[in-house]
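One chain is shown next in C-alpha cells, namely the form predicted alone.
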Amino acid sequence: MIAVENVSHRFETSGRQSHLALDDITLEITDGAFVSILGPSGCGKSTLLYIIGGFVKPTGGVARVQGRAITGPGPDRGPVFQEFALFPWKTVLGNVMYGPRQQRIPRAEAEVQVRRLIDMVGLKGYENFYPKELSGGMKQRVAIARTLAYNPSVLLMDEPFGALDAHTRTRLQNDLLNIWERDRKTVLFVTHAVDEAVFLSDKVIVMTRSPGRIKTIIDIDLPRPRKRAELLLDARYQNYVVAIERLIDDTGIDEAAR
C-alpha cells in the first residue's frame, strides 16, 4: 500500500540554519496493516506522516501509495491529527457530511452514510451539537468520523489521542481497533506512548533521534481481536513494551553520546 524509498527531508529554520529532519528512510507498509511510529521528540515522526499525506515534499527520495508517487494530498489518505480542526459553525452532522458533499454525493445518500458513521463512533444523539458543546474525546470522535466519511484507503493519525485524559484515550483506542477490525484500512499511527503502540499495532517502527532514521521495525505477534484486560496479563505484551522502552532509551543515550 505504502512504499517509502530513501526519503530524506531538510528544511531551513527561522534562524536560516539547515536542519536535516529525516535521513534515508525506506519502508513498506502492506494493505490493511496497522503500523505505529515511535521515537524521541523531534525525530521526524510527524514529518514522515506529512510526506506520506502529501502535505510536505521530501527533499530526497520518493514516497508512493499503491505504486503512484505522492505529489500532494488526496482522498485516498485521510489525516486525523491531535488538533481536532472541526468547523465550529457546523454541527456534528454538518462536519461529518462535509467530505461526502464535497465528493458530490447526493444529500440524502450522504446523510444515511454519515449517520451510520456517527453511530459507529458512539455519537448517536449528538448530531445537532456544535463543537463547543462537546468534550475533547467527542470532538476527536467527530474528527475520526469525518475522515472515514471520505472512505480513504489509508488513515494517517498523528498523536490523535495525545491531548486526552487516560480514560478517554483508552476508550478511543478500543473504538479505533473496532473500526479497524471492521474495515481493515491501512493505518499509520504516530505516538509517544509505547503501550499504545503495542496494543494497537501489527508493526512498530522505532526511530532514532534527529536526524530521524529507522532504528528497527518490530512485528507485534499478539492475538486479535485484542482485549486490554487480557493483554495486561500477557507476558508477551509486557515484554514488547519493556523491549521497546529500552530501545528508545538506548536511542537517546547513543545519539547524545555522539
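The structure displayed is predicted, hence computed values, not measured ones. Position 1 is the first residue in the sequence shown; the rest follow in order.
From this point on, the text means the form predicted together with a small molecule, which you will not see here.
Chemist: In the predicted bound form, does residue 175 come within 4.5 Å of the small molecule, counting heavy atoms only?
Modeler: It does not: once the small molecule is placed as it appears in the predicted bound form, residue 175 has no heavy atom within 4.5 Å of it.
Chemist: Any chance residue 41 has a heavy atom within 4.5 Å of the small molecule in the predicted bound form?
Modeler: Yes, residue 41 lies within 4.5 Å of the small molecule in the predicted bound form.
Chemist: Can you check whether residue 111 is within 4.5 Å of the small molecule in the predicted bound form, heavy atom basis?
Modeler: Flag for residue 111 set to no.
Chemist: If we define contact as a non-hydrogen atom of the residue within 4.5 angstroms of the partner, is residue 153 a contact of the small molecule in the predicted bound form?
Modeler: Taking the distances in the predicted bound form, the answer for residue 153 is no, it never comes within 4.5 Å of the small molecule.
Chemist: Hey, of 218-226, 65-73, 46-54, 23-31, which bit sits against the small molecule in the predicted bound form at 4.5 Å between non-hydrogen atoms?
Modeler: Stretch with heavy atoms near the partner: 46-54.
Chemist: Check for me whether the small molecule, as it appears in the predicted bound form, comes within 4.5 angstroms of all of 91, 127 and 167 - heavy atoms only.
Modeler: No: none of 91, 127 and 167 comes within 4.5 Å of the small molecule in the predicted bound form.
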